[in-house]
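Shown below, as structure tokens, is a lone chain in the form predicted alone; questions about how it binds or moves come after it.
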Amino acid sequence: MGKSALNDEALEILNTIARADILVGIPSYNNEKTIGHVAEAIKLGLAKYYPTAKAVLFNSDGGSDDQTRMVFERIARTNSYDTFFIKEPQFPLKTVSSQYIGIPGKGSAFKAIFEAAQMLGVKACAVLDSDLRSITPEWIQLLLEPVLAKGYGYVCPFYRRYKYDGTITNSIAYPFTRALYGRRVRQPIGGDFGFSGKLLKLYLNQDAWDTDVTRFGIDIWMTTTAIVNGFKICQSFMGAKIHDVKDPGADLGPMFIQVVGTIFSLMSTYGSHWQKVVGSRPTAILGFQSETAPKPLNVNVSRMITKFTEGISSHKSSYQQIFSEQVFTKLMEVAEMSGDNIDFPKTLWAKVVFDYAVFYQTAQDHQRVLQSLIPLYYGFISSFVHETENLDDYQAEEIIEELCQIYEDSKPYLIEQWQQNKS
């Protein structure tokens, strides 16, 4: 587990609390505008659904220089139960807000939350993003009850999302995880999860806390680790996810590299497992599924196409190294034909990702390799936008499911390339 992510202030408070049944954590960094809403929903959800439980609400902060922690503490102290027709819980909610210790990032924030949960011996733990706008008190039951009442070890969210929200999930994380590990988990990097105490112990015992797992790689690492280690997994229907979203054509920052890098790194860790997996099976979806309307997202396609064409030109020599001859030839054909719209075949995209996954294993500069994948990602997403621009969210979801099946059907190609690379 290495060095603790809990500082002395947090340890002192947790030692005073001593024991708890439930812990809910919120990782944060400069979220003063939204964390109050999230904390209020969690507080009300715990009182409504777990009125006799000893519960803790933990804000694991990354050193915010705004009012994030003060807003959290103010909401935590406010008694608003009667306003929402909810009785006060039998045991007053305990709250902790502290700055975690470690590499700056979401994963380090999670580590502090997990350590706190283990220290208190909780039966179930949940984490929720600090920028949620659509959270309701019911989300707390949806993430915790499968663990407490049904014996699940890991609970993933199942959202209704706008067709262009979550494009890294839709084009890589979901289809790749499904093809490799054989489980259809729609939001493997969803941000809001529930856990059993047993799974938290496994996470903390893993030697991964000085990697990109400590940053944006944490979600996909948690999902993959739970699948491979045989934990009972479900998805809970949370309705629409409304949060701080970005145009997929905007600068991706470190997120793309950390998420995709973690996915590729885990392939080596679990190589003997995923090569034996054939096909995929559904994952149970719990909760009442209702019609919801996700918030639309504007997409700048022309900017993505420009980044694609510029990337093809500047990374062409790298692509010749990374891709098989067949894939490289087809990619150049796509580039030559691209104008206002790109037609990037799904089968080609799956092989592009697979070739990158294999090349990554022996590459010296992982960041540079993944940087060269980003223009191709822009090309594929612009093609997806063109294909689905006149489709509603449900019809676009069918296109994503088609892509997932192509990933699965192309898996023999990945295994062949993988084994050639290892020999």
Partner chain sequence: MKKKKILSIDDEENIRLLLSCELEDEGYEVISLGNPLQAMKMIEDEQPDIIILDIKMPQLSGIELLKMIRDKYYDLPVILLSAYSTFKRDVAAMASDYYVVKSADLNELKKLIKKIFKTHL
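Numbering follows the first chain given and starts at 1. Since we're looking at a predicted model, the values are computed, not measured.
The same protein also has a form predicted together with the partner chain, omitted here; what follows describes it.
Only one of 92-100, 176-184, 326-334, 262-270 places residue heavy atoms within 4.5 angstroms of the partner chain in the model of the complex, namely 176-184. Contact check for Gly253: every heavy atom lies farther than 4.5 Å from the partner chain in the model of the complex. Looking at Thr225, you'd find every heavy atom of it more than 4.5 angstroms from the partner chain in the model of the complex. Under a 4.5 angstroms non-hydrogen atom cutoff, the partner chain in the model of the complex lacks Leu200 among its neighbouring residues. By the criterion of a heavy atom within 4.5 Å, Ile233 is counted among the residues contacting the partner chain in the model of the complex. Here the marked residues Gln206, Gln367 and Ile374 all miss the partner chain in the model of the complex; none has a heavy atom within 4.5 angstroms. Out of the listed residues Ser171, Ser196, Ser280, Thr214, Ser280 is the one that sits within 4.5 Å of the partner chain in the model of the complex by at least one heavy atom. Taking Phe344, Phe158, Tyr164, Tyr319 one by one, only a single residue has any non-hydrogen atom within 4.5 Å of the partner chain in the model of the complex, and it is Phe158.
Of all the residues from 398-418, those having a non-hydrogen atom no more than 4.5 Å from the partner chain in the model of the complex are Glu398, Gln405, Asp409.
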